[in-house]
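In the block that follows, a single chain appears as structure tokens, in the form predicted alone.
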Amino acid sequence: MKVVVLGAGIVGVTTAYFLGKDGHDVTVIDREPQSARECSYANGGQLSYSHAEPWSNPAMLKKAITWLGKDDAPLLFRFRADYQMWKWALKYVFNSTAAKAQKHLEIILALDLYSRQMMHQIVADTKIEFDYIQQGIIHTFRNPKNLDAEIEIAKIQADLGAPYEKWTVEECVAREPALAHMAKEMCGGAFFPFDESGDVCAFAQNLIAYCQENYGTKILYETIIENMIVNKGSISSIRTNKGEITADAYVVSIGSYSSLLLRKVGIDVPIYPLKGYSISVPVEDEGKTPRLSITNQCERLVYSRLGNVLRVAGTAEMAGYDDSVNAVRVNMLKKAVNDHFPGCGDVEKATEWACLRPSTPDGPPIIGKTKYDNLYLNTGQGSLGWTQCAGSGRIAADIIEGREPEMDISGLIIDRYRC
């Protein structure tokens, strides 16, 4: 079967990989000159399989209200006259109950753990390089109440298959000596041994090259998707700036722009961008730079070692489709590096990045069929695109192939919003 995948980000590329592995004739379309040049380019690097708590939960909603108007808040809403933004925000509030948060945590964790399994399969089969570290992730805390709250969530996740360890400050520093400078302000930490880290951009670009070489996958870069042409309940072609492209099946994996394209053919998906930021600091002192990936839960920042670079990422900003870099928020990241890992590298030499994370109001992505018999979705992974890409890609390929996915996908399909 001939399949066109719209989008060469990490989710589109892993979808193309599994489709190619299944023997399909795959073409990938992307407006950029390379794969993984937008949201997948410079994320936090974490494969955080144990990070399943959705942003839509009562505690985060309460904090988000107190953060309104604060330019340096971890979660910032810049409300404007945008109907889609307000509709998404109302759905976010609706989903921020304890019961719904618990349900969505279970769905997200199931996908995360399945993705871990599929990622290990991809790495074993392809042997591609991407600064892969399989040594867990440490979550650090200043406030004992916040640490206790994290442990309560970790206990729930442990019952569902994601182990954890509660560590003292001394145990955190013993495992990651670069935390010594932070020790005086820490109260302890939580360690998640299943978690990993790696360079998402290197992975995506090396994987698509593997697909081209081994499966004959075709890539159409610098090709702008303008519309999908509908004919008798199916998509007959994709209209681009370089002409029309036809296939037997089509998969939409263009991140935050998925909702804009899909609305043109009468499909309303509640995906809206939440802008995230990162900096990549060249490492100058190995001894002062963390080797393990770290999540600072107080500031909601993540640190990952990617070769000779320390990647620092975090914050979420609802600002429409504006992907410009906000100096205030980037300076937050630079200050955090200087405060917590002084001397590891010169933050003024860091490259700066902002991206639009395709976020759903409840947390889980949207994967599966649509009202058109040959149009499929694999989008809305939000800040967990890197974490969930392998599982999401396998599920999408299974659905297109007509196989029953290995995990329950009822919490991932678009029909969950039709109630």
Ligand SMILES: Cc1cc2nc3c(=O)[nH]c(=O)nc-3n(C[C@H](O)[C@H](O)[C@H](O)COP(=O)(O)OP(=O)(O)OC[C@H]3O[C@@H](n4cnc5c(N)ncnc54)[C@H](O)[C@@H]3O)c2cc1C
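Quick caveat, the model's predicted, so the values are computed rather than measured. We number the residues from 1 along the sequence you see.
The discussion below concerns the form predicted together with the named molecule, not included here.
K.L.:
Let me know the one among Phe341, Tyr92, Tyr277, Phe191 whose heavy atoms come within 4.5 Å of the named molecule in the predicted bound form, would you?
P.N.:
Of Phe341, Tyr92, Tyr277, Phe191, the residue with a heavy atom within 4.5 Å of the named molecule in the predicted bound form is Tyr277.
K.L.:
Which residue among Met119, Ile254, Ala162, Met182 has a heavy atom within 4.5 angstroms of the named molecule in the predicted bound form?
P.N.:
By the 4.5 Å heavy-atom cutoff, the listed residue in contact is Ile254.
K.L.:
From the candidate stretches 24-32, 59-67, 366-374, 390-398, select the single one in contact with the named molecule in the predicted bound form, where contact means a heavy atom within 4.5 Å.
P.N.:
Single hit among the candidates: 24-32.
K.L.:
Could you confirm whether Ser50 comes within 4.5 Å of the named molecule in the predicted bound form, counting heavy atoms only?
P.N.:
So Ser50 does not count as contacting the named molecule.
K.L.:
Can any non-hydrogen atom of Leu412 be found within 4.5 angstroms of the named molecule in the predicted bound form?
P.N.:
Residue-level check for Leu412: no, no contact with the named molecule.
K.L.:
Does any part of Ala98 reach within 4.5 Å of the named molecule in the predicted bound form? Heavy atoms only, please.
P.N.:
No - in the predicted bound form, heavy atoms of Ala98 and the named molecule never come within 4.5 Å of each other.
K.L.:
Would you check, heavy atoms only and a 4.5 Å threshold, whether Gly385 touches the named molecule in the predicted bound form?
P.N.:
The answer is yes: Gly385 has a heavy atom within 4.5 Å of the named molecule.
K.L.:
Sequence order please: the residues of 1-28 with a heavy atom within 4.5 Å of the named molecule in the predicted bound form.
P.N.:
Contacts from 1-28: Gly7, Ala8, Gly9, Ile10, Val11, Gly12.
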